[in-house]
Ligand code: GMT
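As a starting point, one isolated chain is supplied in structure tokens, in the form predicted on its own.
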């Protein structure tokens, strides 16, 4: 098998979500390894790298009176075919099936037979667990997966759910998410001071796009259960408009405990300033945010849903509670807030696990091997 650099395109949603973040980080690592990487989306992905061998191709979506809603799938497929032909791409790697996998299948059909464009589809979560249940999407997702050259998921949980909900009969390879932290641009004490965290206070951190599955209501319920005598603040890094969240925080009387920041790009600044992560999702395919914190030695408290137990282990690298059991989760958080030594031990174990299982060195070569195997067929 040739070791020549590959030419590939990555398509993802550019918003603040696990699929877009993973695609951006993967593109950065692949470019650093000498491959040519083309991003295709309606706007530049949130964490898309800026450097050699990385290119961005915007998809222009026009609004016509003929359509009640603007269409993205067709312009995306046309742009995919155009970039594939102009740059002699070896493959398209699409992150999140809807509509990227369907658009990729259509793009391949537009190209001449001599340009055998390979397609790899990575499933990240709700493209299976939510849209896969929808009769308006499920058959199209199943068709796109059956016609992809390879399918990957980010957890064993997601692989099993894809088989159960979509009945996919083809092999599905599990390649976990990864995270490679950059050096922070500000000191820990500077960030904590900017957030209004006193020297004797612990900093809890939550990162998410605030979608309903993240169950921010349970997040605030858990915080409200923490005993007032415990000195802490919760910082929420919101990947969406936070006006409604801010109003709910005020309504619950938690304004003195909760600090909100929107669309933070220098994520490492806040990761290394935290003492504990807090996540209350009702479903997660993986939970990249927990891994981000683990990578800098910070443990998390979360509900044991979806793929989260594949990432962090209860009592070893973090603490977990049954979904919805805010009392148990709050009790475990209180125990960790009172025990800095145990927090540090969990954080150190988490960092070691992240380096061994979920680092770029562990994961990116698996994608490269998959790419070369598919291109060689």
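Note that this is a predicted model, so its numbers are computed, not measured. Residue numbers count along the first chain shown, from 1.
We do not show the form predicted together with the ligand, though everything after this point is about it.
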Query - Interface residue in the predicted complex among 177, 77, 280, 152, criterion: non-hydrogen atom within 4.5 angstroms of the ligand - result: 177
Report summary line: Checking 73, 126, 242, 147 against the ligand in the predicted complex, the residue with a non-hydrogen atom inside 4.5 angstroms turns out to be 126
Query - Touches the ligand in the predicted complex: residue 81 (any heavy atom, 4.5 Å) - result: no
Query raised in the report: Quick one: does residue 209 come within 4.5 Å of the ligand in the predicted complex, counting heavy atoms only?
Result: yes
Query raised in the report: Hey, in the predicted complex, does residue 270 get a heavy atom within 4.5 angstroms of the ligand?
Result: no
Requested in this report: May I ask you to check whether residue 19 falls inside a 4.5 Å heavy atom distance of the ligand in the predicted complex?
Outcome: yes
Query raised in the report: Out of 137-145, 182-190, 195-203, 281-289, where are the residues with a heavy atom within 4.5 Å of the ligand in the predicted complex?
Result: 281-289
